[in-house]
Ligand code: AMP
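Take a look at this one chain, the form predicted alone, written out in structure tokens.
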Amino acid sequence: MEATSKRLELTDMLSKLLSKAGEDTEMLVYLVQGKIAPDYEGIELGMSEKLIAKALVSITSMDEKEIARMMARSGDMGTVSQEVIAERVQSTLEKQDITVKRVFNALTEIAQTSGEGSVTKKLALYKDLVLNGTPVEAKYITRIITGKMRLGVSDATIITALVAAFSYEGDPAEIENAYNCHPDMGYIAGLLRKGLTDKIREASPQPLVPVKVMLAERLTSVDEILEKLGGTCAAEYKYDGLRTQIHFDGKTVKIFSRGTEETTSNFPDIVRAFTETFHCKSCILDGESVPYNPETGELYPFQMVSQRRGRKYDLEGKLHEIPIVVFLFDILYLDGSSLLAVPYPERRKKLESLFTENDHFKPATRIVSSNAHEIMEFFERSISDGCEGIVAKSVGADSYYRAGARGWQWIKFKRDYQKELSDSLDLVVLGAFSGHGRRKGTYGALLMGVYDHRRDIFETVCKLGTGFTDDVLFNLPKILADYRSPNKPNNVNSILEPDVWFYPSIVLEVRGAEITVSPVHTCAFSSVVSGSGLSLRFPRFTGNFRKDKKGDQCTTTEEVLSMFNNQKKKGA
């Protein structure tokens, strides 16, 4: 699977593998993803590359410097472990079989081991696996532990493979919808293996299990928005914060990010305020956490609230330094019932009736209008109030909450920055070019890409070399080191050949002047001009690392193509 760059071939390999897996199916799906549980469970194995290097030293006659040199050469601890086991460990006839179940259980035990003596026990479990396995098995076991499996297997690829493996006769979109409501690929695989197709078709939100958030398209004028939404829309402030999904099952409050990762521990103030504000039996709320000045009501930029993510120390200090208000704009579940298939106006009424606004929770500011001038005035007010613009939402009978989907039910509209593109792009780092002159020793430019979700590949859209502070610029090799790939990843389509390849993982916010046709970039290749793709002209980094987005949540090929067409229309 790692060796092929053909998406159909990779999917076929995976479907054949899963069709033969039997009771190992669920475990195997997790291992192929390089994990042992869904992301929202937040399970970490707690073994660094340094600890693995220590284990390899203890089972060979090598020293740590030799392991470090091998690591510097390959950039992949999995490959290092393969080479070490192949060259330095004598084979024994007493090896025990390395089965999927054995590996999965051992990795689970590693993750659950903590406290005094935990390092010694983790090392013993790891050594037991790699000494009983083949060198190739050691490579992939090590990669799973370090979180660097990187087979180019996305969620979309696995869903397609599951459909084929279990001969699902329904609409594949039903499986995708089930996964968007319950983003646990092992759980979905188990339903298919057991033939529980009714549960897939009836999938709905469940408190304490994150739902993939609904996303918005973009347009460049209010007139276009009204035309698209049937003449009337609800316009809401577009806040510059962290997408926040709040779950309550009657006892426990949990908070999830837009990437379905649990962030409850970073927001104890929101949890406390929730229990004082809401008194329902159960619910799932969708909103935006925004830092603000409680004395003036002034909203602060996204970068300030992002300082809360992942913080383990001095969190209480940050609670006072960066107070948070959650602007709620949707409700997905209430008192035992899903609201996904309830039209937006009704969902909004239920949301507003659920609480009284306070310093911690407020309903998103909005108007409902069919008047372009009134909406434009509302838009200008949103900018003056410290927001990015507005999100226009359908108020029609079919204005349902489409989990995980980006559709024309929601349309964002942001300020036109000095006749440049009306919005930033969230681009993923695919490669880097070595720096020269003043930039010698770091990267001169990054190769940036977008995601084509239909073909499940990443395509190049520009080279990015401006907008970096010296501190960020000269730390780029260190920031990106964990994502280096020895070869072009099999899910990247590129004409350009950078000096260094990266697995598509890190997302940066980028602005540019316009979208242009380019013969050297693969975004929407041949969609506009035969033999050419689309490129972002004069790109510059805004300084914002989108830590809340995974690689495949970056700007899509379809979005760039839409922006290009809107740009042409605007120019005309």
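Start at 1 with the first residue shown and count on from there. Note that the structure is predicted; figures quoted are calculated from it, not measured.
There is another form of this protein, the form predicted together with this ligand, and it is not shown here; the text below is about that form.
Contact check for Lys393: a non-hydrogen atom falls within 4.5 Å of this ligand in the predicted complex. Under a 4.5 angstroms non-hydrogen atom cutoff, this ligand in the predicted complex lacks Tyr443 among its neighbouring residues.
Within this chain, Arg484 is remote from the site of this ligand in the predicted complex, having no heavy atom within 4.5 Å. The shortest heavy atom separation between Tyr179 and this ligand in the predicted complex exceeds 4.5 Å. Residue Tyr239 is the only one of Phe256, Tyr333, Phe502, Tyr239 with a heavy atom lying within 4.5 Å of this ligand in the predicted complex. Just one of Lys122, Lys463, Lys412, Lys212 comes within 4.5 Å of this ligand in the predicted complex, counting any heavy atom, and that one is Lys412. The stretch in contact with this ligand in the predicted complex, judged by heavy atoms within 4.5 Å, is 239 to 247, chosen from 239 to 247, 165 to 173, 270 to 278, 225 to 233. Interface residues of 328 to 343, taken as those with a heavy atom within 4.5 Å of this ligand in the predicted complex (partner not displayed), are limited to Phe329.
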